[in-house]
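Heads up, the chain below is alone and in the form predicted alone; it's given as structure tokens.
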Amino acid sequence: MATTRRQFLELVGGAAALATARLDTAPAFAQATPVRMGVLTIKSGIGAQVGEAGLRSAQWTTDRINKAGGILGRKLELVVEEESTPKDTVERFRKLALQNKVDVITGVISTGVSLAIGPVAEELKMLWISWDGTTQKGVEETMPNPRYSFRSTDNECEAVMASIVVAKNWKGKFRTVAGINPDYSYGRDNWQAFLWIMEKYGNPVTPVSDLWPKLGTTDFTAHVAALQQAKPDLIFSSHWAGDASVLMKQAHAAGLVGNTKFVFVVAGGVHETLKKSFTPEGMFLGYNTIYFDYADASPLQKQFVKEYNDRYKEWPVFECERAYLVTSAYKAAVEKAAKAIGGKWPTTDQVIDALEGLELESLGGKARYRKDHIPECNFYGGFTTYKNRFDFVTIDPVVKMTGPEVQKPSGVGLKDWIQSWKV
């Protein structure tokens, strides 16, 4: 049928009107700019290995989110800055918030840095979801009721787990203990938790040495000499970065790895550096919130571990789980908040409300953000073995403990919580 010029123009006009109507009914943010997520992570020094692992995981998670359509149709984009000293990191936090105008800031590993970041997040009303940094000092929370700050699990969770496992498995097998921990809130919280739990389990110990090297120390000669002189039955350490393997290597060279038991509550964060040549079998080794070789891992973890190893020729560590949790939690909270308000893009306050109480599947299993902005996650650890296909130690059997088992409830002091246990 022939079409006149007038009919053609009417058809074109109708199509344009229909297209306009469709655009008007679509969410306004569907064609908007990407969601910008700031990331603060350690890039140099003794903690660079852990920081790089977290960044790789954040990018993997971001790519996965974007392949699935982004966050409410918007792509997710990472804006990365370095975590270093508290002063410098605060300035970079301000830059991300005020100059880069990111929608949310994630990352931060060191407690020393996060203690400085927390108040600034509240001042700027900038949503900050920490990977691994808390705002604890001396086992007490300095920010019990934050609005814009979502911290990590409590400092002493891995020490609580390690202490419970050791108390049950080595009861009566050690009396004198020595602590060698990084000299800041995290190290002191872990050592205190260990001593309180030994007492609770009726395994009284006598500290013969407590050493406090600065974070990032790589020469432990004097510390090892002091440990040799003290001759403890057990050495407890919460070193978490490359300094953990340096300490173990120097302890082995000095002959400390003979009759002494070792408890390294979170050195699984640098597990590939703990070579069989100098790391003993039978020591307790904590991996924090993910164990890369867990037989009962979820399909999500198995996929991540395989793809991570295929790409980087390394096995993932706990900061990978932390970064995945934070990135995924933000996406889930935005979507939850949007659903509650009819599909519109939520405000920061609405996202915060959605984060409180949010439950989701993370790499290490189920996780949940409590109302006090502290997450509950699973923790993994066990005793080292050489029976594996690697040149570094692994653990067997793998012990898994849930968040409520290793983390004090909201508003309860650590010592009071430990004393309330029925053992």
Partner chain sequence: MTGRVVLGLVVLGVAAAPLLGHQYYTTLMLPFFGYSLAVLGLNLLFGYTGLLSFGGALFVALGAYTAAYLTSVFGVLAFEGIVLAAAVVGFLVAIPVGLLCVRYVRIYFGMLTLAFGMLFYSFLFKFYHLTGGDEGLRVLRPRLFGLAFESLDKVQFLTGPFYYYSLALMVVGTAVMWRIARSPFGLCLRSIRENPGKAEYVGVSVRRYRFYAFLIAGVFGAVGGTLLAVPTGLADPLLAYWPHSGTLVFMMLLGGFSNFFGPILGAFVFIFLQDQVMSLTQYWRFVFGLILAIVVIFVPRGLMGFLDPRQRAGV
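Numbering follows the first chain given and starts at 1. All of these numbers come straight from a predicted model, not from anything done at the bench.
What follows is about the form predicted in complex with the partner chain, which we do not show.
For the three marked residues, K171, R370 and Q419, no heavy atom of any sits within 4.5 Å of the partner chain in the model of the complex.
Of the candidate stretches 194-202, 287-295, 86-94, 160-168, only 86-94 has residues with heavy atoms within 4.5 Å of the partner chain in the model of the complex. The partner chain in the model of the complex comes within 4.5 Å of no heavy atom belonging to E141. Not displayed here, the partner chain is approached by L98 to within 4.5 Å at the level of heavy atoms in the model of the complex. Within this chain, K336 is remote from the site of the partner chain in the model of the complex, having no heavy atom within 4.5 Å. Interface membership of Y184, defined by any non-hydrogen atom within 4.5 Å of the partner chain in the model of the complex, is confirmed. This chain is drawn without the partner chain; in the model of the complex, the residue among E307, E82, D233, E77 with a heavy atom within 4.5 Å of it is E82. In summary, among the residues S245, Q136, T153, T217, the only one with a non-hydrogen atom within 4.5 Å of the partner chain in the model of the complex is Q136.
Of the residues in 246-282, none comes within 4.5 Å of the partner chain in the model of the complex through any heavy atom.
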